[in-house]
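Just one chain is shown here, as structure tokens, and it is the form predicted alone.
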Amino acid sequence: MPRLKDPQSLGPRWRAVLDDCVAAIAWSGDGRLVAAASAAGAVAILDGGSGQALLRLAGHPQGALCLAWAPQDRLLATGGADGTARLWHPTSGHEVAALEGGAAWVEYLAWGDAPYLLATAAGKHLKLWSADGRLLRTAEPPHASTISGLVWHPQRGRFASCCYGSVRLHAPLKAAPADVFEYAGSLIALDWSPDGRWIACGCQDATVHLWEVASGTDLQMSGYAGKVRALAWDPTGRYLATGGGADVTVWDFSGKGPAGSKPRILSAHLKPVSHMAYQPQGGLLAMGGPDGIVSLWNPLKPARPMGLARPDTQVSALSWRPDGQHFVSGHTNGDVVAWSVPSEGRGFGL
């Protein structure tokens, strides 16, 4: 049998350094800027081509936790341990508004498109805001426990949240949930397939639970080594990558779906993978975790990673540039590193 080709070394395109652990990171929609939030509270706006620091936003006094670009990059929203979400002009650094989340920490943010609406989650409280910072409504009743996931599906004009025991679907014009999917367990990760068909949750009990949105039919994948905190859908909604251990499993949802099938297994990490992200317009999958390894895969060829790097500092965030030619990783020592896709992966698509 011929020897498998070793993976290419991922080459850093540029590197920047924050003053603390990178809590969240995201490319702007036009690919020109990278926003990176520090656990110490500040938020850096970096040049996407060079990593040069362009702005330093004051952020959140007790620490920044999350961030999200508004559609067309008009605003940057950040959430923090001061109980607020804040809106910023990303080019001037001007703070547009401070939004009271309703609990000590604002841990999740999600923007909707046309009109531009921002959903925030803090503790048990879910709120919806206009782009100028006006509170439009508070979801009622409050969640039964701390909200552990929030995602907007712009094609469906709805957003979803999860907590212990349930997933709620929300229509922007209604305070009460439009639908509720129940599960007797702790849901700790949430993602909605790009085609709108499936909602997936990673669970504390080492399972992945899914609902088909239209019918409410649910299914479950089990056998993971530990709690499942990392989920990632490919841009078509056909493949779902799931963490829960050092190996990542990729399930095929085409045809009759994954029931009774065997997933592809991606093995390169030494500790449970904590962060994964699919290429926005292709089939490549980037991942990283506490072992200090960053890997890049074509999951349809799972024998080996396409590229591998060992920064030797724990990965705390990942984000792809919208054109899919680069991705960035954030690390617990404050490093922000942009990685170029190896030549064999450029132009790769599904």
Partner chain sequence: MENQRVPVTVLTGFLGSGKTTLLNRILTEEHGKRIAVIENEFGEIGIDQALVVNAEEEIFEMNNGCICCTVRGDLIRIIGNLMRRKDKFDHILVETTGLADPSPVAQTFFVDEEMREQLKLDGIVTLVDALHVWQHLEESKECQEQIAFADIVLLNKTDLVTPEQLAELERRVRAINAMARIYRTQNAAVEIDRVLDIGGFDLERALSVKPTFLEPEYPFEWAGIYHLEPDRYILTLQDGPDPAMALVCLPVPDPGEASLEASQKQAVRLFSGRAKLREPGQGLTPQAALVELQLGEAGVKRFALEVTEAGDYALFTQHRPEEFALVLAAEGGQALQPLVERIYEAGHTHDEEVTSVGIEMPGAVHPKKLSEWLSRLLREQGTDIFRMKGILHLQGEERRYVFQGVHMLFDGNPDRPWGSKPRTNQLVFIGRNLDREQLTREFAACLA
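Because the structure is predicted, anything quoted here is derived from the model rather than measured. Positions refer to the first chain, counted from 1.
Just so it is clear, the following notes concern the form predicted together with the partner chain, a form of the same protein that is not shown.
Shown without its partner, this chain lists 82, 191, 234, 107 as candidates; in the predicted complex, only 107 has a non-hydrogen atom within 4.5 angstroms of the partner chain. Scanning 100, 205, 252, 195 against the partner chain in the predicted complex with a 4.5 Å heavy atom cut-off leaves one residue, 205. Residue heavy atoms within 4.5 Å of the partner chain in the predicted complex occur in exactly one stretch of 21-29, 8-16, 335-343, 322-330, and that stretch is 21-29. In the predicted complex, at least one heavy atom of residue 40 sits within 4.5 Å of the partner chain. In the predicted complex, at least one heavy atom of residue 271 sits within 4.5 Å of the partner chain.
Shown alone here, residue 227 lies within 4.5 Å of the partner chain in the predicted complex, counting heavy atoms only.
Taking the partner from the other structure, the partner chain in the predicted complex has no heavy atom within 4.5 Å of any heavy atom of residue 281. Heavy atoms closer than or equal to 4.5 Å to the partner chain in the predicted complex belong, across 42-81, to the residues 62, 64, 65, ordered by sequence position.
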